[in-house]
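The chain below stands alone and is given as structure tokens, in the form predicted on its own.
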Amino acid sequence: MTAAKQDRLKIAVQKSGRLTDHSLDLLTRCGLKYSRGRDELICFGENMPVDVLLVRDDDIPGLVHEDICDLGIVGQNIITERRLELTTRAQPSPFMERTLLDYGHCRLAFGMPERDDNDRPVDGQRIATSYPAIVQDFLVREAIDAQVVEFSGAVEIAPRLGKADIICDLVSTGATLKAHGLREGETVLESRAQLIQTPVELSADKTQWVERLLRRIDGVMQVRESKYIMLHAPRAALAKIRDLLPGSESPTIIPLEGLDDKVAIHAVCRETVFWETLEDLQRAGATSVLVLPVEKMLA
């Protein structure tokens, strides 16, 4: 029993926030069925040797780096901040950065006073931020002699408090900046969710499960916008119709009984299929066009 518990894969996920529901939904779509009490911070996998730990997002890189968790799902903004922090302590490989995920998009950008014409810091300015390592790295790379002021919580109020001249924080719509007399400046980092892995070598069983999860995650992401298209078309229009199918590999061509000049075409399109696409196919000679959602896919 003890050995079985030790071989269970542990995945750290944000317990509450913008990545929580997306991350749990992703794991569910990968086939994980789990049980969880109302106030429990561990989801126990019922059909896979996989447990999900619900923790603060700031703690996820550390839990993975220290091999307390095998995998973690966290934003690139936090990954980059922790990696830079650990690198300064002569720990060059704090964790392995694996698959980029298709949710949690945001950007780390400077917030400038509305009267300021600059989009980036200038020498002598004070910059309030919750991401001091990223901002300091930016200043060094850009040869800007400015001071980083570490500020947790509502970074937007730092200029009004006289703690800083400008800020650097996560931005979505820019409404919060505007409410505090600031405007969005240069972007320092584009971020989205990413899967990270412990730098410690995993057991053979855990390695197999990690690779299986990675394949399933890839399959889930491929079907987000993918559609299965079926249509009839004249043989003479095959080349043109192939070109019109968005993001498609070689389609399947099927003869139609009793019709030598027409075929059925089946294709998986990995890009969005718009009404305009269907209209273009129809103009090229396609008929009986049917578009279906794709639930699962393995390359």
Ligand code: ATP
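This is a predicted model, so every value here is computed, not measured. Residue numbers run from 1 along the displayed sequence.
Omitted here: the form predicted in complex with this ligand. The next part is about that form.
- Looking at 25 to 33, 49 to 57, 266 to 274, 62 to 70, the stretch with residues near this ligand in the predicted bound form, meaning non-hydrogen atoms within 4.5 angstroms, turns out to be 49 to 57.
- Taking the partner from the other structure, this ligand in the predicted bound form has no heavy atom within 4.5 Å of any heavy atom of T198.
- When contacts are judged by a 4.5 Å heavy atom cut-off, R18 counts as touching this ligand in the predicted bound form.
- Contact annotation for C106: at least one heavy atom lies within 4.5 Å of this ligand in the predicted bound form.
- Taking the partner from the other structure, this ligand in the predicted bound form has no heavy atom within 4.5 Å of any heavy atom of S93.
- For the candidate set Q222, T80, Q136, S191, a heavy atom within 4.5 Å of this ligand in the predicted bound form is found for exactly one residue, namely S191.
- Checked against this ligand in the predicted bound form, the residues A146, I217, V171, V149 give one hit for a heavy atom within 4.5 Å, which is V171.
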